[in-house]
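Take a look at this single chain in structure tokens; it is the form predicted on its own.
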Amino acid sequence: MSENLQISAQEKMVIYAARQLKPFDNKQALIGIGLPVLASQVAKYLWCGGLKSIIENGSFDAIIAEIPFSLFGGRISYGCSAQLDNGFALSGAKRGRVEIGFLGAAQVDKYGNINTTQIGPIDNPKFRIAGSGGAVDIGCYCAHTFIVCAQSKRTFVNQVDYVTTPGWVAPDNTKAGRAWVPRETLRLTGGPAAIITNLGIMKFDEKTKEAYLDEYYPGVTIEQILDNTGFDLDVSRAREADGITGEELTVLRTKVDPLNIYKTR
């Protein structure tokens, strides 16, 4: 990255998330509303022109000329290849047609469990959040689920307050005691592939299924990441990520979100 290139932490998160889609040109991806929309559009402009973005409202092969304010904004449907029934669109992951999912999170733990439902214990919550939407369908069945969220100890916790979307080890709600079990025990396919934050990228160990630090961004230290993580994090495999290019930043600012709808800068 050029020394004179000024880039915000939010913009880093979007662009590094977009890079995760490079291997998936001509594939179908279920995209959650918010920063994942920006990331998918950056990827389509730069590397994955054939990527088929499916928004939770049912817009298939969405061509997002204007960034939407909400999940059911008319901007999402305009120009898409088809406007599907919401349930049919989300079922694509279960049917094996959709390989990639992109989700946000209010909390995430070391196994990739996501909470977007409430903060605090279930019988005495501090406050409610937006809820699931399509996050359960996406996280349960997509072969590769990418999680995008800003990093802090409030967000990256040892155990989420509520499992909206199961990760690699999750509670078994079918039995008394709700023991935590591998997702395969729950007959779930796929799983979390990576967590992309404003500081770095975490992936999951094949044996332990726990998150580890894969990359940290230029200008960020490993100590910063550890200070903003609420669980033990393996950093032994971490390396510095390649810097953001001027082309990537220009595409995000001038083509994907020129009005800065999502306040990334």
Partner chain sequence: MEANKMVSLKDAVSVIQDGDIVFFGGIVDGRRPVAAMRELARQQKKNLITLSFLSVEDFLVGAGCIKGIRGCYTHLGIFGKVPCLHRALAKNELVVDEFGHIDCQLQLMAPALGLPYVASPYCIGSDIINPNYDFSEKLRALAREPERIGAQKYIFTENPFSPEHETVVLVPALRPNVAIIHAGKIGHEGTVRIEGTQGLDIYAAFAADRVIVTAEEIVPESYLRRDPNRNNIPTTQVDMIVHVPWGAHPTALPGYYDMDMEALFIYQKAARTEEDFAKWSDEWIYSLSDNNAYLEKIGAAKMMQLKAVEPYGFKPRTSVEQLG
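Positions refer to the first chain, counted from 1. What you are looking at is a predicted structure, and each value in this text was computed from that prediction instead of being measured.
The form predicted together with its partner chain exists for this protein as well; it is not shown, and the discussion that follows is about that form.
Although the partner isn't part of this model, could you tell me whether residue 188 comes within 4.5 Å of its partner chain in the model of the complex, counting any heavy atom of the residue?
Close contact exists here: in the model of the complex, residue 188 approaches its partner chain to within 4.5 Å, heavy atoms only.
Interface membership of residue 133, its partner chain in the model of the complex, 4.5 Å heavy atom rule:
The answer is yes: residue 133 has a heavy atom within 4.5 Å of its partner chain.
Should residue 141 be classed as touching its partner chain in the model of the complex when contacts are defined as heavy atoms within 4.5 Å?
Residue 141: contacts its partner chain in the model of the complex.
So, residue 153 and its partner chain: in the model of the complex, are they within 4.5 Å at any heavy atom pair?
Outside the cut-off, so no.
Name the stretch, out of 144 to 152, 101 to 109, 123 to 131, 191 to 199, where some heavy atom lies within 4.5 Å of its partner chain in the model of the complex.
Looking at the other structure, the answer is 123 to 131.
Between 231 to 265 and its partner chain in the model of the complex, list the residues on our side with a heavy atom within 4.5 Å.
259, 261, 262, in sequence order.
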